[in-house]
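First comes one chain, alone, set out as structure tokens in the form predicted alone.
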């Protein structure tokens, strides 16, 4: 897999360092430690054990190198067993029972994922707001201009540039509202224990405390085999990519029709100096198509056999960060595509 965010020449075109940073190992490890510490505080508060908070602080500040989880992940298929061993060694045998007891690897990683997706959705909402304002300013700049409307790749009737840009803007208000709603929806903890049964005499109190310590909500039950919330995020991301891809696709169509429809900066050719290729718009369409493929494949990861699926879970790890990063890159590239437009339509 290509890491487009850090690629030396693809990075600015196809990458998104901000979204990629959310899924970097250091950031993920910080979230895992945060989740483990929140759990320690939760079981300590129920047991009225005053040492729990001190142990939680030790967990949050544990000097763990992400690379030390490599061998354990290769062996166990998940980094949490190795992490728990390191944390128990770190806090010492007298407090080891306050680390991870009553949790599973999936509880920790799914809760961490919800924290990450909350950050992703916040970034997306802010970028869509900026895109909408950018398009509004563009409408004002090209007010009164006309151009052909295209249907089935052919010029049809005349329309206004204002209307063309308005069609680009139309989805964003709804998408921003849905992103806000979904941000609240993903702010949940995952806790179920070994088979999702929450087999603990004080399950309700522990779940509530665990969630409160993270600033999340307790849904009242385990959801680890119901990936609906992950699919909801994937669907929203797919819709965002459709909206940004629409901008790119239209710019490509207008560019094909000639400079009387659109002019823009960039897009040089090594063999034909006269050309002005719509490279950013083309890349925007490619990112949208890639996101569609990823979102479709993510559906396969949502079906967990039995009470836990290593196969489905691993597939989700492979796809979801890439989906977030590709859609994020599309929002950035849409802004750059719009910035590069010099003129649209005729006065």
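Here, rigid core means the biggest group of C-alpha atoms that superpose within 1.5 Å across both forms. What you see is a predicted model, and the numbers here were worked out from it, not measured in a lab. Numbering follows the first chain given and starts at 1.
Beyond what is shown, the protein has a form predicted in complex with a further copy of the same chain; the following relates to that form.
Checked against a further copy of the same chain in the predicted bound form, the residues 145, 174, 200, 180 give one hit for a heavy atom within 4.5 Å, which is 174.
Just one listed stretch, out of 200-208, 114-122, 159-167, 129-137, contacts a further copy of the same chain in the predicted bound form at the 4.5 Å heavy atom level, and that stretch is 159-167. Within this chain, residue 314 lines the site of a further copy of the same chain in the predicted bound form, having a heavy atom no more than 4.5 Å away. When contacts are judged by a 4.5 Å heavy atom cut-off, residue 321 counts as touching a further copy of the same chain in the predicted bound form. For the chain shown alone, residue 78 is a contact residue for a further copy of the same chain in the predicted bound form, at least one non-hydrogen atom being within 4.5 angstroms. Taking non-hydrogen atoms only, residue 97 never approaches a further copy of the same chain to within 4.5 angstroms in the predicted bound form. With contact defined as any non-hydrogen atom lying within 4.5 angstroms of a further copy of the same chain in the predicted bound form, the contacting residues in 285-312 are 285, 286, 287, 288, 289, 290, 292, 293, 294, 295, 296, 297, 299, 300, 302, 303, 304, 305, 306, 307, 308, 309, 310, 311, given in sequence order. After superposition on the rigid core, the Cα atom of residue 299 is displaced by less than 2 Å between the shown form and the other one. Core-superposed comparison between the shown form and the other one: CA of residue 310 displaced by less than 2 Å. Relative to the superposed core, residue 65 undergoes a Cα shift of 2 Å or more between the shown form and the other one.
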